[in-house]
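Only one chain is shown below, in structure tokens, and it's the form predicted alone.
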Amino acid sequence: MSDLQAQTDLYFVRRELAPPEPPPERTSGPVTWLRKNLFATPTDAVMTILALLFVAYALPGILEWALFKAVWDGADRTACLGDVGACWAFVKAKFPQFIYGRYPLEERWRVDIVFFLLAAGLIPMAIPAAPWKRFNLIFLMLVLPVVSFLLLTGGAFGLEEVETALWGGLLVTLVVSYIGIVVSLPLGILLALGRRSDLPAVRFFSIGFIELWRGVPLITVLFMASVMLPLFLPAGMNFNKLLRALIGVALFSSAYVAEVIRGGLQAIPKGQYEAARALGLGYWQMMRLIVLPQALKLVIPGIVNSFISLLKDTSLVYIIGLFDLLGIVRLNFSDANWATPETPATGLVFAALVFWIFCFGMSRYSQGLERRLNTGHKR
């Protein structure tokens, strides 16, 4: 008995059933999501309730104006007179002009091809499992701009020439923003590397370039590109207004992208540089294989933020006589056939919605790219 008692003292022997435990808390489902994201603390609960009260106050009026009292069809302004809401009939009637501007009607198939090629290049690039990423990047960065230029301007291969003064609407918005992105990203990388270079001439040139373009507002850059640039060109040489705007926007954006990328380069530990040199890698090999992939991954939010700002800033080309999406919308406010109190608000809401769709798409894609690259930051 003494041995049995000793074993009993050493080992716990349960003599009755354990009391039931409460079920574990749910870690998924709508109730859990609400509790975690909207009602986690008393402050969160108060803010959530205030936000819901504001939505309950504002949403009925917005829906009544935008949907319930809106006019969807009509031949002219008479359809939108009286106690009505949004005049979507105006947007419907002017929609082709909002997309193509004053591009000739019989030549708009060329714009459609450019839009299709842009989508055909961007969609596979955005799909992680799609093959041939390098060739796709070459197509987007080099081939597509050249093909688009030949298609849109014409004058070759039997295509009728279309002056850039006739371009407008979403076409100009996408052309200016796309060319700005294509040029500013590689140029920004070179400027960021140049600012950190050990060569004084390269470093001072990069610093001067960045500080010059960051020190003036974009509206001044556009005025200078439109008015001052021709003064520095040789006699007989002239660029059209759109090309001047493209040059100004691209150089302006590259200065901001350079500073974003420089921040990523400074975040790379010194040991990465030392390890690359220990492996016998040259400067450009080190940057291409070791440093830049890590730096660019860290600054994805900043780069995408610069591109979103670039897309929205394209509306400033209106001041130099180019009619982008917002500019062509505002231009149509002067059409006497659609002059109503609701026409300006409807047109501006439509333009804002289009800009928001593009900006939100870029933002969501960048977040997905961060998750795939596992940057280790919470969103």
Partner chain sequence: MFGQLGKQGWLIMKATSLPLALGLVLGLGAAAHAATLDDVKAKGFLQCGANTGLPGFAAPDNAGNWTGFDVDYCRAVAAAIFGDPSKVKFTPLSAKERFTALQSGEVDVLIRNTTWTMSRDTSLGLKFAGVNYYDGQGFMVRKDLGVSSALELSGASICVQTGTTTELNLADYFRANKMDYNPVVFEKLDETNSAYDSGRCDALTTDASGLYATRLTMKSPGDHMVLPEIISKEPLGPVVRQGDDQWFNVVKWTHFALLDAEELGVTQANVEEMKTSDNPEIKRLLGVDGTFGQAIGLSNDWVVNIIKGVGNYGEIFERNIGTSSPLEIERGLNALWTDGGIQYGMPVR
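These numbers come from a predicted model, not from an experiment. Residue numbers count along the first chain shown, from 1.
Although not depicted, the form predicted in complex with its partner chain is the subject of the following passage.
Asker: With heavy atoms only and a cut-off of 4.5 Å, decide whether L331 touches its partner chain in the predicted complex.
Answerer: It does: once its partner chain is placed as it appears in the predicted complex, L331 has a heavy atom within 4.5 Å of it.
Asker: With the partner left out here, check for me: in the predicted complex, does some heavy atom of R134 sit within 4.5 Å of its partner chain?
Answerer: Answer yes; at least one heavy atom of R134 falls within 4.5 Å of its partner chain in the predicted complex.
Asker: Check whether V349 has any heavy atom within 4.5 Å of a heavy atom of its partner chain in the predicted complex, and answer yes or no.
Answerer: Output for V349 is no: heavy atoms all beyond 4.5 Å of its partner chain.
Asker: Quick one: is K241 in contact with its partner chain in the predicted complex, heavy atoms, 4.5 Å cut-off?
Answerer: Close contact exists here: in the predicted complex, K241 approaches its partner chain to within 4.5 Å, heavy atoms only.
Asker: All three of K94, I179 and P341 touching its partner chain in the predicted complex at 4.5 Å, heavy atom to heavy atom?
Answerer: Every residue of the candidate spot has a heavy atom within 4.5 Å of its partner chain in the predicted complex.
Asker: Looking at 320 to 328, 56 to 64, 350 to 358, 42 to 50, which one sits within 4.5 Å of its partner chain in the predicted complex if you count heavy atoms only?
Answerer: That would be stretch 320 to 328.
Asker: Looking at V111, I300, L174, V260 here, can you tell me which has any non-hydrogen atom within 4.5 angstroms of its partner chain in the predicted complex?
Answerer: Result of the distance check: I300.
Asker: Could you spot which one of L279, L142, A201, A267 gets a heavy atom to within 4.5 Å of its partner chain in the predicted complex?
Answerer: It is L142 that has a heavy atom within 4.5 Å of the partner.
Asker: For the heavy atom contacts within 4.5 Å of its partner chain in the predicted complex, list the residues of 184 to 216 involved, in sequence order.
Answerer: Residues within 4.5 Å: L185, P186, I189, L190.
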